[in-house]
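Presented below, as structure tokens, is a lone chain in the form predicted on its own.
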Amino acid sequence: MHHFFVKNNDIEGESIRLSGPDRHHAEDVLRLRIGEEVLISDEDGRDYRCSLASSDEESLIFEISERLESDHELPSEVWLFQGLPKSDKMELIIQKATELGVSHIVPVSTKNTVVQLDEKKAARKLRRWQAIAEAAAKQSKRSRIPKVHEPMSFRRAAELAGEFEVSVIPYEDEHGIESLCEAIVGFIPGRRIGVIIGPEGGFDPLEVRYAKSRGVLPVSLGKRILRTETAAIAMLSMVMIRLEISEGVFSEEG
């Protein structure tokens, strides 16, 4: 079933309007016909099963046939602070992070970041990255599209992550998997969780020290050195699994 996202003000009673590029995609690319069903999600993560009813000069109009109970989202707000990688690796990371359930993706400039984005280039990249997040959200049947933020400094990222209930920073010089096991215990539903991943060159020791001073927990991802994209996927996979297991346990206890 095709999937679209709309603003809350596009929903009027039992009807939903689809306009702009999404209308073009539905009408000219997918060639939807009257009566065909689609899945539509609003800004609050509510899902609707709808059928195409009519159209006007500006929109396709869908009638809501069923309001669905959404179970596609993680029970916590997860932020990925990603050190800017080279080439198109950021696109892969955004795609996979979206599939794994993150809520926010923040590109981060660190001491060892090679990529430098001027204002014009950053704006163009941001539009591209947000479009990738939307496409991945549709493919994975997410009820929400993660927000891709403007790039920020490492210092600001560490300060923001330090305000969350639990945040981690995988670091190659952190020895012993025990640090990760201890951090995972804190990944429980309802908490804001931050994950800070370094670029190809890794973190400068002073950056890790600063993050730790802000309450971010340095952790080890094992005995091997992981590429930046692998580290992001590995860490977020653990967050996802831990949260979904915890959600099931808490539901049973409730």
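Residue numbers run from 1 along the displayed sequence. Predicted, not measured: the structure shown is a model, and the values here were computed from it.
Although it is not shown, the form predicted together with a small molecule is what the next lines describe.
Heavy atoms of Gly194 never reach within 4.5 Å of the small molecule in the model of the complex, leaving it off the interface. Contact annotation for Phe62: none of its heavy atoms lies within 4.5 Å of the small molecule in the model of the complex.
Proximity of Leu39 to the small molecule in the model of the complex: non-hydrogen atoms within 4.5 Å are absent; the residue sits far from the partner. Taking non-hydrogen atoms only, Leu30 never approaches the small molecule to within 4.5 angstroms in the model of the complex. With the small molecule left out of view, the stretch that reaches within 4.5 Å of it through heavy atoms in the model of the complex is, among 65-73, 199-207, 181-189, 49-57, 199-207. Out of the listed residues Glu165, Glu172, Glu77, Glu159, Glu172 is the one that sits within 4.5 Å of the small molecule in the model of the complex by at least one heavy atom. When contacts are defined as a non-hydrogen atom within 4.5 Å, none of Ala136, Lys138 and Val148 contacts the small molecule in the model of the complex.
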